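The chain that follows stands alone, in the form predicted on its own, written as structure tokens.
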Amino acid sequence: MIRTVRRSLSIAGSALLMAAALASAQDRGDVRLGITYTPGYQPGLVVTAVGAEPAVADAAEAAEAILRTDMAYADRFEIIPAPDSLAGSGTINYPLWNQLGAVWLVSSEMTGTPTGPVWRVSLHDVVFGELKQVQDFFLPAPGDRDFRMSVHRVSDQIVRWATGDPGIAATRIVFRRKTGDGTSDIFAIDYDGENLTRLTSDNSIVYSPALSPDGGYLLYVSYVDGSPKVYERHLGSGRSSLVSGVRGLNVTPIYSPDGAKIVLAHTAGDHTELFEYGRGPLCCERRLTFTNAGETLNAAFSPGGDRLAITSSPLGNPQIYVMPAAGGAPQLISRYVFGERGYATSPDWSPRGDRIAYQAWVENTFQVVTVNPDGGDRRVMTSSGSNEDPSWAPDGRHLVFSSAGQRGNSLLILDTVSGQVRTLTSGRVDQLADWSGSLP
């Protein structure tokens, strides 16, 4: 059987995307990265202790711990510990920090009240011996449910100051978790593994989660009414509404980058095609693909919303194609050699626009692969175990994916630049992850 793929319908026991001889499918001849990443330069960064008034000491301690983790998980810096002799607040000794290898230094002080801490954060350019940025951030109380996310937003601002690129701390990841005998539900978790939250409780088969660009809505597929239908849930109220329930299959929904449209696959005749739906009272349906052979599903928008990466199987086994979002001829971008059975599914387009990630059958198992939008510069990013369902972080360099191997089932996060891998969840069957954008 085909393994579960991101936003796919194989978990429903469908015959879609079935291959007659999966074991012979190969994606060979690629640059195989895995554990062969060449370490690159990472500027040294030090986070000094947060100076705090007694009334906000607890908030300062909590914020500092979160900030240190965020800076490490950014995978952009060599974290330099602060010696005790330099750990206190006061004048920044730029020459000494420079000798210790620091390029950036974060200093901060917290004032205000326990219910309204004010965090003044400064980023220093140690090499040039100057203050680069300083800003006051108004935080909720440490016990507030938004405290951690507020600190994550501060961390992302520091990353942007230092690198010019977005951070990944103020994000969440939604995924499907098997919760019982044949049942599953959608969960959400912060990017650092905190705040696990169950979003659905359908006591049914649920899969294909996709977050709206603002993080306020969730698309998903559920069998709660006996057949696969696409629903949209408002995460604030918990209310769900039906998006597509045509007879047959309704699967793999996604939002457009501006949140104004939904693209999904549903049955058209004896197979599936992609359709576009408008959101709101003027909702309408428009067919995007006319494959008429095999199955077409699993769309992913380019950042500008003008192109789609899709999974389609007119050649027999599924492959990855790119097509105009308004409809038009698809271009094959995954590796296909006549006489060989390639197999590629679950595309996701990097927010930078420069790479498309997907899963491919490589040497008798699934691995995460990335390519340029034209199919060039193919790279196999994983090498151990079976790895599926890739989804990009908003920085366009981190990927979350499901992994099964000697250590069991996990959701893993990979920095595609440094090769650093960390575990997000483990011990449960978690799949089909979708990484949010930066949350407001």
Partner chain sequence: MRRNASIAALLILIGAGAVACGGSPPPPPPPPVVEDTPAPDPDSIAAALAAEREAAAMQLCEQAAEAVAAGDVNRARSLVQEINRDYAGTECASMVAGITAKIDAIVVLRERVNFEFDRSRITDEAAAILQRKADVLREHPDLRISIEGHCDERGSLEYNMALGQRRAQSTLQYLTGLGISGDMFTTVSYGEERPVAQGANEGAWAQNRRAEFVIGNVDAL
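Positions refer to the first chain, counted from 1. All of these numbers come straight from a predicted model, not from anything done at the bench.
Below, we refer to the form predicted together with the partner chain, which is not included among the displayed structures.
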According to a 4.5 angstroms non-hydrogen atom cut-off, is G164 in contact with the partner chain in the predicted complex? no
Using a 4.5 Å heavy atom cut-off, state whether G316 contacts the partner chain in the predicted complex. yes
Does the partner chain come within 4.5 Å of any heavy atom of E130 in the predicted complex? no
Does the partner chain come within 4.5 Å of any heavy atom of I205 in the predicted complex? yes
R176, E295 and F366: each with a heavy atom within 4.5 Å of the partner chain in the predicted complex? yes
If contact means a heavy atom within 4.5 Å, which one of 371-379, 387-395, 407-415, 52-60 is the stretch that engages the partner chain in the predicted complex? 387-395
From the list V126, V251, I262, V151, which entry has a heavy atom within 4.5 Å of the partner chain in the predicted complex? V251
Among R307, R335, H271, R172, just one has a heavy atom within 4.5 Å of the partner chain in the predicted complex, namely H271
For the stretch 206-231, I need every residue with any heavy atom inside 4.5 Å of the partner chain in the predicted complex, listed N to C. Y207, S208, Y223, G226, S227, P228
